[in-house]
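Just the one chain here, laid out as structure tokens, in the form predicted alone.
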């Protein structure tokens, strides 16, 4: 049913089903729609949190599928998520009780006012979606990390949003398990969909500060990659000797860990996942103790 592509970091480069992120998009959307029809989540001025979340996931899947089909250039992928920011902007606009400020550790609370709706929300969507999409390429890397962040945000959210997210989270964890085992790839369809899920969920639940702390490893990885591309015109890559990964440069989080230090694919994914888990735990702790 699904096309197969070679796994570049396995001996013999076996063919693995690719693009299974569409399963997450379909089942997560159906689950959220069912939750909406069962009365989960409030509707304010005709704007529903479940429907807003479902729209974001659907568009993320569409955008990722488009990239999988025609291999979009980065200048298009970088700004396409801005379209998804529109329903989130309208949701915030229709809910005047939502905070238009972000609490930044060590700096305090920054009040944005109307700029939060028209500038900050689109930036959150664009940055989170693209940074999560950029950290991938190894089995489990593009699924385990987002799952950890989503678990952290779900724990911090209200019971209503926990109900909304439990279905999509279970589906994603199943895909993450098989992806970590090297049996499937979720493709850009999955990575864009989960990126938009995380960004939109954080905005809807007003957990922006927790999100910003959790994604620090992703932002760091993107800074390394973009700096290399813009300043030295070189991309990050690792060499696979049949057993371990190694690199001779530090142009991404993966190459930083494997710089003159051969590691297995599973070791790299585990280390990065632990780093993400640490920052997510810090985000959860900061949110809990700041209440």
Partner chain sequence: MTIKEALSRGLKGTGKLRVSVNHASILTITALLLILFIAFTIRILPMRWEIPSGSLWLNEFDPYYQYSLTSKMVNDGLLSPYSPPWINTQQFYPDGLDMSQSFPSLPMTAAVLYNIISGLGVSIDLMSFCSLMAPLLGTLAVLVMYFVGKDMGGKTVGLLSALILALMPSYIQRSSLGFFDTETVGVLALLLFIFMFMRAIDFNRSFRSMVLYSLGSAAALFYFSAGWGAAYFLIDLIAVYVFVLVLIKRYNQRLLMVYSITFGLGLFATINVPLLSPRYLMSGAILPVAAVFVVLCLAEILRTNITMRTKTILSVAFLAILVGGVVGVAVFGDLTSIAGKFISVVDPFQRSAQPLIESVAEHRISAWGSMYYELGISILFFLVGMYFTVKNPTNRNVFLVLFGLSSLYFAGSMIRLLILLAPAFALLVSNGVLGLLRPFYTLIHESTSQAVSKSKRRLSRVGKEYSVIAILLIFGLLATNFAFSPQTGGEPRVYNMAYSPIAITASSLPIAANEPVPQWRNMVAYMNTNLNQTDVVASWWDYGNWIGYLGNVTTLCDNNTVNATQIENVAYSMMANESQSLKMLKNYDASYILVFVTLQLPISNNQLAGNVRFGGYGDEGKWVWMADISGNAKPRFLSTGYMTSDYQWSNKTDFGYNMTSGVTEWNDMGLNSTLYKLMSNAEKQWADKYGFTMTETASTLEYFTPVYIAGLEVDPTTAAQKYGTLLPLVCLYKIDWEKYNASITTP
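Numbering follows the first chain given and starts at 1. Owing to the predicted nature of the structure, the values given are computational and were not obtained by experimental measurement.
One more form of this protein should be noted, the form predicted together with the partner chain, which is absent from this view; the next part is about it.
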In the predicted complex, the residue from 112, 177, 220, 90 that sits within 4.5 Å of the partner chain by heavy atoms: 90
Option touching the partner chain, based on a heavy atom within 4.5 Å in the predicted complex, out of 151, 86, 216, 173: 86
Residue 282, heavy atom within 4.5 angstroms of the partner chain in the predicted complex: no
Interface membership of residue 52, the partner chain in the predicted complex, 4.5 Å heavy atom rule: yes
Residue 228: touches the partner chain in the predicted complex, heavy atom cutoff 4.5 angstroms: no
Distance check, residue 31 to the partner chain in the predicted complex, heavy atom within 4.5 Å: no
In the predicted complex, segment of 220-228, 241-249, 254-262, 57-65 with a heavy atom within 4.5 Å of the partner chain: 57-65
